[in-house]
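Only one chain is shown below, in structure tokens, and it's the form predicted alone.
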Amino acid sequence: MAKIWAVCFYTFRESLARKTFVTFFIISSITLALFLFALNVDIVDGALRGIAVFGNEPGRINFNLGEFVRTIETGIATALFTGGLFLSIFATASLVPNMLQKGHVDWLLSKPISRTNLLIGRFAGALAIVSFNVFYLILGTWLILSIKTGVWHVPFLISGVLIVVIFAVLYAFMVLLGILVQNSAVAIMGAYLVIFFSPWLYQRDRIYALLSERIYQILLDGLYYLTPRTFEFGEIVTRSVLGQPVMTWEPVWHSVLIGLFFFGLAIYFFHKKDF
């Protein structure tokens, strides 16, 4: 376990050197500063009466305080699930291909660590840096809004966990592509394609009418069951933050199992490669 943590820490430091993550951190910090210093809420008898931005006179409104908090938190969670996820994919895509470069991989494999632990440590390092950025914004926003409004909406924290989970699933697929083709651009395109086609696969029954052959329907079903369900994940994130009931958590468990399958294949092919 100590060796895995050593590789994880090494990967974490390598990831911090990438300006993409620094940009992510700066954007998160600006967002938190906006909520902390620029946004002021006027609360009377537990009800939201006005909102002031940058010291302006509060605009008078009659708005449910809890609904206001949930709306802000939903916007943050949605932005993280889209922009934050895309940024994280872009920033971590090169970690495995870079590790497999001639000279670098030889040096790593010369250390007293198995290939499985090496890949797990690499994966954990990428996951750690993404988790740090996600929870920095999620926890910071939650604390600031909760203190300013007195509404401690705990379900918002679940969105951070779900975002990290779906990233881990997508990154497992990227690790597999990185092992097979050793190209970060392919890994990025693979993850983005999964995200892009997920809503189409979810609504595949509407496409069936356009297909003349049954075989194409079977192929669509196969793709749906063999890929992470990012679109449904996003809906679960939104419903969780809004406090609405989640009809089923099956997309989460399905996606996690698919991610474990991808990572298992990555370990298998990593052991088969001759360096």
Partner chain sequence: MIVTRDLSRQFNRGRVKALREVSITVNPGQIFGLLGPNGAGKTTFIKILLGILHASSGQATLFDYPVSSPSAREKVGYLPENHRFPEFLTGAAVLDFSARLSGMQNKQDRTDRAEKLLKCVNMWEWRSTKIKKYSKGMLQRLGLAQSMLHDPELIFLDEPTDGVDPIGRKEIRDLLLELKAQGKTIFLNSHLLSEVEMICDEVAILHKGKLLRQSTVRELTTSDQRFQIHADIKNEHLLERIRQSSNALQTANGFLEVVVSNVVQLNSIIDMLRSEQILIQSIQPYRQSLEDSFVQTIQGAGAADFNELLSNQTATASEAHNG
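Here the structure is a predicted model, which is why all the values come from computation and not from measurement. Numbering follows the first chain given and starts at 1.
Keep in mind the form predicted together with the partner chain is missing from the figure; the text below concerns it.
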Residue among Ser114, Thr82, Thr71, Asn183 with a heavy atom within 4.5 Å of the partner chain in the model of the complex: Ser114
Since only the chain is shown here, I'm wondering whether Gln203 would be in contact with the partner chain in the model of the complex (any heavy atom pair within 4.5 Å). no
Touches the partner chain in the model of the complex: Leu137 (any heavy atom, 4.5 Å): no
Going by a heavy atom distance of 4.5 Å, is Leu108 a contact of the partner chain in the model of the complex? yes
Touches the partner chain in the model of the complex: Phe261 (any heavy atom, 4.5 Å): no
Residues in which of 153 to 161, 192 to 200, 97 to 105, 172 to 180 have heavy atoms within 4.5 Å of the partner chain in the model of the complex? 97 to 105
For the three residues Tyr10, Ala17 and Asp274, verify that every one has a non-hydrogen atom within 4.5 Å of the partner chain in the model of the complex; reply yes or no. yes
